[in-house]
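What follows is a pair of forms of the same protein chain, given separately as structure tokens and numbered structure 1 and structure 2.
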Structure 1
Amino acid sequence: MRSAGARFRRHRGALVGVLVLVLVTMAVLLGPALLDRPPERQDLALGPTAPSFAHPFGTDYEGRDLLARVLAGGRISLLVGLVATLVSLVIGVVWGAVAGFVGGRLDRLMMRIVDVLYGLPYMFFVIILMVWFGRSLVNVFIGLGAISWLTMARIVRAEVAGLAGRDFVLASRLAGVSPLGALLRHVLPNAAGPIIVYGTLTVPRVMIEESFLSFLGLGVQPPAASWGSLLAEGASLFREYPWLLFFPALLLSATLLALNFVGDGLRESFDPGEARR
């Protein structure tokens, strides 16, 4: 019986995924400092140029260096993915654990609240937020955070409700462990697998949602950029300037692929039944 960590290390795809993620993260964190071109510096006389030695990813319509913009955009895209996932972890796990562990009427009430938020069209929610607070990145965080925890809460609730009635949990209660102690020490650790796996898969999902919002003009506002807003620009101009679509798409897809690989590897490590082929 190997540990989940050992199984994960044997999963080659997942290791490649981790490597790609580390490389992308380092590139977007350190890249802009190493390039001496700020992403928002325009050069209208230059205009859009194909990739060259001076501009490896080419330049956009305003003559901005696409490499610098893709790296700066990556910061925002990764940040949105991480923050919304953390929100979904914290709220979703607490909400789902309380509902599943306490059960009864509170459980029904809490899960109905999840149903309501789930049924509310979230694009509408984001637009109303925008009307209230103006177009800003904060709205993207709130809007994505508000929906991303719902599925997590459902998963955690199902896991915790299933574990709460098991003998080892009852035994710990009989031995004098408080309900909270039993939840924290005995129930949640056993639900860690699904939580980690789903958390990993939340990152790419949220990143795609962010790019939807930016694509529709509801997310990151110019001159700031995210991979989504760069893709939106690229998609409208790619017949004349294909590199504007190609490079942001390449970076976003590589990151999403890597995250999915890592998620798959984690799932198979925590659920060996599925890995046994």
Structure 2
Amino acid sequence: MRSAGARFRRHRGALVGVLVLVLVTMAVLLGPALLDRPPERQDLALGPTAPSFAHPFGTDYEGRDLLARVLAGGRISLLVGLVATLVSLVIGVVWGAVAGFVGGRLDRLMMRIVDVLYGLPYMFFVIILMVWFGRSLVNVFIGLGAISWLTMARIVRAEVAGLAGRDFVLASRLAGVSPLGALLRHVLPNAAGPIIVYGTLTVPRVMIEESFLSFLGLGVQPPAASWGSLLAEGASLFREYPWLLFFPALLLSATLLALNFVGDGLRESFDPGEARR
């Protein structure tokens, strides 16, 4: 673990990604309070105005400060990415660990279920979920998390199946450790590297999917806003008011790139041999 940390600190792209993520997180958490401009406050007389000293990101069609809305929307986008990723991690790790450790017919059955689910158009499943159960933030968490665990399950299953037959696991079983204890104490800790790496790379993918749903009007609902819903608003008015699209797209792109850089750095840190291929 120490050597992995040293390799990560030598990865310049990953360090830049961490710095960008820290700055973005501090901005979206502290910025709205420091601005003292409620993102939902309207000034219809002001209307859409270009960036200025009073409004660095300009205002939208209803006279709302775009900087405040982008920072408030960043909170929701990051929250969706983290919570949905956590849901997918829990489901994927449990499913893959059980399949890989038990093996046999149960393993084949569980992985065939994963194969069948892979063949379904998962984004349509999320859209149907939003339409059927209502457009709420909780349903966004559940929907995106429930479709993002399949690859995680495959990764964990492969890692656990490879570790289950190792000598140190067999020795723990002979020493009287229960199957569950061996899985939790010996197998999963040694599979933590790939789990952490893929979990990091899942966050930007979930954020993109949330942005797509919000772009379609099926994600975060007004008066709340996410970067995806702000992009949808900006795209419809891009010709007249380009700043409405530019600033949310800039923050979203910077965050997604930073997350991918951090994920690449973690992958090379935990598996330097694979990274050199």
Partner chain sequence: MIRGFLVRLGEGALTLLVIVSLSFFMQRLAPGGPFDHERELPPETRRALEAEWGLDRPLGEQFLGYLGGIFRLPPDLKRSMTRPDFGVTELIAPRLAVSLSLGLVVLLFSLVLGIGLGALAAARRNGFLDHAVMALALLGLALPNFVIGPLLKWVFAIELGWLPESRWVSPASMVLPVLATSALYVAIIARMVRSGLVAALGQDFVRAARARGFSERRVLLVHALPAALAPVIAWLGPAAAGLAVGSVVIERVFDIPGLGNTLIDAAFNRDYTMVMGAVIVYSAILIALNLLADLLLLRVDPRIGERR
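Every residue number counts along structure 1's sequence, beginning with 1. This is a predicted model, so every value here is computed, not measured. Each form is matched to the other, and the largest set of C-alpha atoms that superpose within 1.5 Å is called the rigid core.
Asks: The same chain appears twice here, once per structure, so which copy is the form predicted alone?
Replies: Of the two forms shown, it is structure 2 that corresponds to the form predicted alone, while structure 1 does not.
Asks: Val116: after superposing the rigid core, is there a C-alpha shift of 2 Å or more between structure 1 and structure 2?
Replies: The answer is yes, as the C-alpha of Val116 shifts between structure 1 and structure 2 by 2 Å or more after core alignment.
Asks: So, does Ala153 move by 2 Å or more at the CA between structure 1 and structure 2, with the core held fixed?
Replies: It does not, since the Ala153 C-alpha is displaced less than 2 Å between structure 1 and structure 2 after the core fit.
Asks: Can we say the CA of Val169 moves by at least 2 Å between structure 1 and structure 2 when the core is superposed?
Replies: Indeed, Val169 is displaced by 2 Å or more.
Asks: Quick one: how many Å does the C-alpha of Ser178 shift between structure 1 and structure 2 once the rigid core is superposed?
Replies: It moves 2.4 Å at the C-alpha.
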